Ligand code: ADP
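We begin with a single chain expressed as structure tokens, specifically the form predicted alone.
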């Protein structure tokens, strides 16, 4: 739909009696569920555009056409066109194909190039990924021009799309999309796209004057793609209010804290939501016993027994089952879990782990399963269906992260009536209110400092309420299921930001 058509369309909403102007938004990122997903970014790239489409936004999502995208989606893609695009400093050009798929009111455009996107995994190593995402950023902008689809706002995600604001204001400054405003969302600051200046200069052919300390340059000879995007973006968001503050400090800033403080005037935190259609315990066919808030207390017992049988745990609905669904990396607080896990296995507690990652954690959890047969199950894999069953069959979910920009697992857990036990950092702090036994408030158990003893204490506080005050535990379960963890509130905040950038 052309910009002129979208700008004049208005809608009345429940939020306000005033007409809401329509805006066109282009999302650019490296992954999107259900086509390709490695983490929370893929969920956001799917759920937020879908929510915005319901708020009178005209939304297009642009991602690479990786060969690993399932054929059930590939076969439905429609060819929209192709062209040659100059890219490198020596004049080398590359093919850009555009394949399109429409679903739930959102248009998905896939950038097609066999030279860059043939691998089975979207992320390989920086040697391969730097050229790939330099190409992708420019190809995404060129594709918008080619399709004559002029967005009001271009919403970019993480370092893989961070060159878009820079290229828009330099190489595309005289094109039809030049007036678009840009937002860059930081999902995880730890990953920044840092490589030597000469390589990035070659693969982008950007002007020399952007390779300075205020934009690209970091250290003596490196360029930081995320840093450059933050400098050029019209607005910066990250995925929780607490994380927006944390990344301005040396501990959480990963070397960019001073740069982010400099640009803090255009920074805000907007917490993620989840797709409550995808995560709906009442309609979840993967579960042994689907349930809603009126059935949760009985049906969770059935799901717990089914999970215990599936995983070879001692079948006993009175056991306290702790789930841990995570990438197995040091960010996720697994060194703390390793330290306290033997103390948790007391005859009344079971632990279920699902995920893959660093070899040291994969090995340690396998060892725990061997040592505590019937009480610990370590599923060193990622199985979407099993994840659903763990959410439904567990009493509590453990998220003791060293840092966590937002986190989705604690939101999913609450949706399934499972009580989160989390460290007070990033989005975990923003979404989990500590249980207060005096006022019977809160929806989880928390600890602040990154210490194993404090995690152990938080788990034991949860177990104490579970075993000695079940009435109030069950109330908390129902409070969690009643909590709004959808994208609706956050989508409105993003929509307000788009209108702020393009009144």
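These figures come from a predicted structure and were not determined experimentally. Residue numbers count along the first chain shown, from 1.
Keep in mind that the form predicted together with the ligand is missing from the display, and what follows is about it.
Looking at the ligand in the model of the complex, residues 326, 391 and 407 each place a heavy atom within 4.5 Å of it. Checked against the ligand in the model of the complex, the residues 149, 252, 291, 279 give one hit for a heavy atom within 4.5 Å, which is 279. Of the listed positions (258, 283, 381, 89), a single one reaches within 4.5 angstroms of the ligand by any non-hydrogen atom in the model of the complex, namely 381. Of the heavy atoms in residue 58, none are within 4.5 Å of the ligand in the model of the complex. The closest heavy atom approach of residue 54 to the ligand in the model of the complex falls outside 4.5 Å. At a distance threshold of 4.5 angstroms between non-hydrogen atoms, residue 387 is in contact with the ligand in the model of the complex. The closest heavy atom approach of residue 39 to the ligand in the model of the complex falls within 4.5 Å. Partner proximity in the model of the complex, defined as non-hydrogen atoms within 4.5 angstroms of the ligand, places exactly one of 336 to 344, 122 to 130, 369 to 377, 349 to 357 at the interface: 349 to 357.
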